[in-house]
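In what follows, one protein chain appears twice in different forms, each by itself as C-alpha cells: structure 1 and structure 2.
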Structure 1
C-alpha cells in the first residue's frame, strides 16, 4: 500500500473517494457513504459489469493492497472509477444521496440553465439511459423542463449512467417544494418590432396548447405551477390576446370608447358593432 502512487495525487493518505470527487471534471459527483459502499446488497449485479470488481471495490473503500505493475494498476483505477459511477447512480436516489445532491443543486454545482428566460435556474445532471456506455451526461432544467449539453468538454465525457435517467425526476417528487415556478415568458423573433410571421404563427399554436393544458389541469383541480394571474393567451371567443399585445389592445379599446362617445360608428371587429346596436 505504501508504494502505491496514484497517478495524479502522490499523497495517498487521503481517501480515494475524497480524491475522486475533488479531482477536476468530477464536480458533478457527490461522496458515497462508506456504509452504503460496504453493503453488498447495494452492489448487486455490478460484479458482472465491472472488471477487477473486487480490486476496484477495495480501492474505492481504501483497503486496496496489491503489488502489481503500472498497467494493472491503471486498469484497476479505471474500473474503480466505473464502479464508483455505477454505485453513484444508485446512491443518489436514496434519502442520504438525494440530500447530498440537493445541497449541490442549491449551490448550482451542476451549472445554470443557459436559456435566457430561465434566469440562471440551477441544473441537475441526468443520464439518457441507465445502461453504461450509451450516452454522456446531460443537464436538466426543472424550469423549462428541457435538456442541455454541459458547457465543458470534461463534463461532456462523463457517462450518463453514473447519474441515471430517473434521479432528476425523483428529486422533484421527494422535494415538491423544490419544483420551480414555471414561467410562460418567451422570446419572439422580431424585425424592427414586427413579429416574424412564421415564428409568431407557431407561438400562437403553442399558446393554444398551453391554454388547453391549463384548462385541463384546472378541471382536475391540479396546480399547474404557473403564476395564478397569468392570463390565458387565447380567450374563449377565440380572439388572440397575446401577452405583449395587451397594451395595444387597451389603447384600441380606449379609442373605440372615445369614438363611440362621439357617436361615430367605426367598422372595427364585429363585436364592437354589436355592442352599440
Structure 2
C-alpha cells in the first residue's frame, strides 16, 4: 500500500491487482483473469460476505473512482483483499486457474517440504476449512501426504479459505502425472548405530492402546477392573465384563487378541488361564 501513496487515484486503481500480486506475503496467489472477475455468475453470494462489496469490486476491477477519506479508503481496501481471496478460491479450481497454479507449483513458489526424506518436494497451499476466518493457510506435500505451517509469518496470516480444502486434491486429479512417488524411506531410531529394540516399541504401543481402552470403558461407566500395572481381561471378581453393545464387543475382541498374544485366555469359569502351560 505504501508504494502507491504518492500515486494518483487513477494510477492506484489501474494497478491494484498488479500491486496485490506483487506485494510481499501474497506470493501464494495467482492473478485472476478480468473476464472471470466481471462475470457476475462467478461472484454469486459474495455480496453478503464482503463489506462495501460494490466498491471493493470496483477497486479490484480497476473502475474505482470514489472520492473518499483515508479511513473509508482503508476499509474498502480491506474488503477488496477479502473479496479477491474469496474469488481466488473459486478461480483456482477452473481450468485456467489450475494451469496458473501449476506453473507456480513447478517453480516451488509455495515452498518445499521440510521433511528430509521428501527431498525438497514442492508444496501446495490448502485450507483446512472453506469457511472464511476459521483456519489459516497450510502447505500440503504430495509425497508424504502431510501438511505443514508456512515458514513466513506473512504467509501464515493468510486465510485458508482463499485456497479451499479441495484445491490440492483437485489439481492431482486433473494432472495425474503430477502425483509423486510416495517416499518409502522412514527414520529408524538408533543408539550408537544399533536399532532400537522392536519389543520396546511394541510395549509402548500396547500401553497406549490399553490407556485408550481404559478411557473408553470409563466413559461408558464400565468397571474394567484392570490393575494399574498389569491390565487383565477380567475384573477383580473374576467376572466377565458386561459388553453388550457393538462398541463394547469391539473392545472385547481387541482385548482377547491382545491376551491371546500373551498366552492368556479366558476359561469357562471366567478365570485367566495361561495357554502356555
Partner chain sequence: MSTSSGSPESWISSFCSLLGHEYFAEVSEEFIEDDFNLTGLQTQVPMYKEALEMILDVEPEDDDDDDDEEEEEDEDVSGDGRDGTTHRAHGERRAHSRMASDLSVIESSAEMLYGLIHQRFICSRAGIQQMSEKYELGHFGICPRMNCNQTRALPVGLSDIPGEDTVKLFCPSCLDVYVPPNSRFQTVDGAFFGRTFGALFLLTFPEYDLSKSGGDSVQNLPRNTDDKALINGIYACNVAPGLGPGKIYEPRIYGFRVSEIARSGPRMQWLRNKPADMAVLNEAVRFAGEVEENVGTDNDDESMNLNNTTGRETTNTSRRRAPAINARLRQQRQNQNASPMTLDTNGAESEL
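Numbering follows the first chain given and starts at 1. In this text, all values refer to a predicted model and were calculated from it rather than measured experimentally. Here the rigid core means the biggest group of C-alpha atoms that line up within 1.5 Å when the two forms are laid on top of each other.
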(Q) Between the pair I just shared, point out the form predicted together with the partner chain. (A) 1
Q) If we fit on the core, is the Cα of residue 206 displaced 2 Å or more between structure 1 and structure 2? A) yes
Q: State in degrees the rotation separating the positions of the smaller rigid part between structure 1 and structure 2, with the larger part superposed on its C-alpha atoms.
A: 179
